[in-house]
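The chain below stands alone and is given in structure tokens; this is the form predicted on its own.
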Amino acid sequence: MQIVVCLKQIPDLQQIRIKRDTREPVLEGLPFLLGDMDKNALEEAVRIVEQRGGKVTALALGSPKLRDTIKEALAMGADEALLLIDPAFADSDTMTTAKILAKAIEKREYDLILCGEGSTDNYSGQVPSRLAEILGLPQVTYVRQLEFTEGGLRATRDMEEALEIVEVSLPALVSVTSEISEPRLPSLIQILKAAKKPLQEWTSEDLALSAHEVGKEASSLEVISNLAPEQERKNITLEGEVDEVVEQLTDAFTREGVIAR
């Protein structure tokens, strides 16, 4: 079983700070990590290979910092990593990202492609579907359980108010929800072994993609604003004994609709 897992490098959202004067997010110097549902997809791929044999390839598109970020995927059990790193890829939208990933996948043998249902930062959920369309593959979304059948897969889809079971032939692309697995925490030995696993880097030239086909120039998505919402502070000062202040605070919260009496 040859499985490709698509991973996304995202900044640590817990450490993002907002500039008070401009309301812009401060992204410089932030550590990067793998998206949560991407790790669910990776965990499922590793479990499949542990049971059925084969190889897991971690495929990721990002900045040079990806060389460090991808070590977590290798430590979790991916057998090899393929990194797509090129300044030309910067600011690619979902369509262009899918095109870049597809070009890389087409150069490899695979039976199954696993993706997270959405990225932890943008959560558009568009890349898996666009990727399946470009590759001409059947796709199953919102998958919380996978079983293998003769020549294919049986997937349980989470439709919120109901579960749907579908069967699909291989090769196929499957996007998973967080319920499918609990990502493992690599041991120290696994972390040390990760440094010795195969790792390749490809650029736009390796994928035969020209500069106008990728990045901001090819993007149809325009970011109008990423500013934090404005918050007006009322600067109300409460004075008096503790009981009086509590009563004043309760009244203020009631007037603002924060609590109901």
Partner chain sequence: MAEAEKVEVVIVGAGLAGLACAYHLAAAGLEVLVIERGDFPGSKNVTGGRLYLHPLRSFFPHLWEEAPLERHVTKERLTAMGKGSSVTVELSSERFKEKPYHSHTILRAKFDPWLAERAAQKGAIIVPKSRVDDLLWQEGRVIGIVASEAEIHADVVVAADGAFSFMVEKAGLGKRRKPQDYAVGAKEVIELTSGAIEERFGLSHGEGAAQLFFGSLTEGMFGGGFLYTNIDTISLGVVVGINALMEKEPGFELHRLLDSFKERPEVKPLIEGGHPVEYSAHIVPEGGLESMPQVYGHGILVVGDAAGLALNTGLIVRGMDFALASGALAAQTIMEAKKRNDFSPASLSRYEELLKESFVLKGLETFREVPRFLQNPRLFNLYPQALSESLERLMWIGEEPKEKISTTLWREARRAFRFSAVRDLLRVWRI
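Quantities reported herein were computed from a predicted structural model and do not represent experimental measurements. Numbering follows the first chain given and starts at 1.
Absent from the display: the form predicted in complex with its partner chain. The rest refers to it.
Visitor: Answer with yes or no whether residue 21 is in contact with its partner chain in the predicted bound form, where contact means some heavy atom within 4.5 Å.
Guide: Yes, residue 21 lies within 4.5 Å of its partner chain in the predicted bound form.
Visitor: Answer with yes or no whether residue 196 is in contact with its partner chain in the predicted bound form, where contact means some heavy atom within 4.5 Å.
Guide: Contact with its partner chain, yes.
Visitor: Quick one: is residue 49 in contact with its partner chain in the predicted bound form, heavy atoms, 4.5 Å cut-off?
Guide: Close contact is absent here: in the predicted bound form, residue 49 is far from its partner chain, nothing within 4.5 Å, heavy atoms only.
Visitor: Residue-level contact is defined here as any heavy atom of the residue lying within 4.5 Å of its partner chain in the predicted bound form; does residue 64 satisfy this criterion?
Guide: Looking in the predicted bound form, residue contacts with its partner chain do not include residue 64, since no heavy atom lies within 4.5 Å.
Visitor: Whether 17, 188 and 192 jointly form a contact site for its partner chain in the predicted bound form is the question; each needs a heavy atom within 4.5 Å.
Guide: Yes: each residue has a heavy atom within 4.5 Å of the partner.
Visitor: Spot the stretch among 27-35, 200-208, 216-224, 50-58 with residues whose non-hydrogen atoms come within 4.5 Å of its partner chain in the predicted bound form.
Guide: Every other range fails; the passing one is 27-35.
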